[in-house]
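Form predicted alone, single chain, as structure tokens, below.
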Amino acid sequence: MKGGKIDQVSNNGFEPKIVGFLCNWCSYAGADLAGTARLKYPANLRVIRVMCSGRVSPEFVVKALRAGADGVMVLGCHIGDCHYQAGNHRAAKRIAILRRLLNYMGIDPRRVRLEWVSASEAQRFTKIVKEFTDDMKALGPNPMKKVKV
């Protein structure tokens, strides 16, 4: 890693599968605005709409990684703007613990990203998706994927 960014490495056309848990009130609305504004972002993201980022259990993230996702994004309301008062605080605590657990398991914690995106931040949403997709391309395929028999 140089300067906080992941080094760009060629992975022979590897296209990562990314699961995104998006809060209904803010980040999902921001993604919807990006779509209606016809802003471009990678098609690698598979969106799962949740009522609150605080509802995203670490178990959901691990299941997504085991099921074949190369990276998982959790996007919620900005701190102080949560429609459920402290859901994003809960999400921040859970993701911090999950990253330590993933590191302990030998999985790069950069495969999980937590960000805050409001309903009016369509461009921020597209920027985050582009950056995370590039990061996952640089990291390569997820070694945690279940081996298909």
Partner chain sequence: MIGKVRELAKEWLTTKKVDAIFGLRKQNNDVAPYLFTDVKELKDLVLSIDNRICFTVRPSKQNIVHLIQKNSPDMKIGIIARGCDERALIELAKRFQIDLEKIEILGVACTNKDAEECLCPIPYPKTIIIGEKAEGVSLDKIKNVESLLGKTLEEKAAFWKEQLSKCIKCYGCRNVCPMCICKECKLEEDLWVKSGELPPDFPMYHFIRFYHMADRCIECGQCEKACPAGIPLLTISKLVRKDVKELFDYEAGKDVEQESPLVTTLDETPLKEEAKDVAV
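Residue numbers count along the first chain shown, from 1. Because the structure is predicted, anything quoted here is derived from the model rather than measured.
Just so you know, the form predicted together with the partner chain exists too; it's not on screen, but the next bit is about it.
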>> Check G35 for me: does it contact the partner chain in the model of the complex (non-hydrogen atoms, 4.5 angstroms)?
In response: no
> Just to confirm, S120 within 4.5 Å of the partner chain in the model of the complex by heavy atoms?
Replying inline: no
> Is the gap between K40 and the partner chain in the model of the complex 4.5 Å or less for some heavy atom pair?
Replying inline: no
> Do H89 and the partner chain share at least one heavy atom pair within 4.5 Å in the model of the complex?
Replying inline: yes
>> Just to be sure I understand the contacts: of A29, C52, L45, L98, which is the one whose heavy atoms reach within 4.5 angstroms of the partner chain in the model of the complex?
In response: L98
> Looking at the partner chain in the model of the complex, do all three of V62, K93 and M144 come within 4.5 Å of it through at least one heavy atom?
Replying inline: yes
>> Do any residues of 109 to 137 have a non-hydrogen atom within 4.5 angstroms of the partner chain in the model of the complex? If so, which ones, in sequence order?
In response: P109, R110
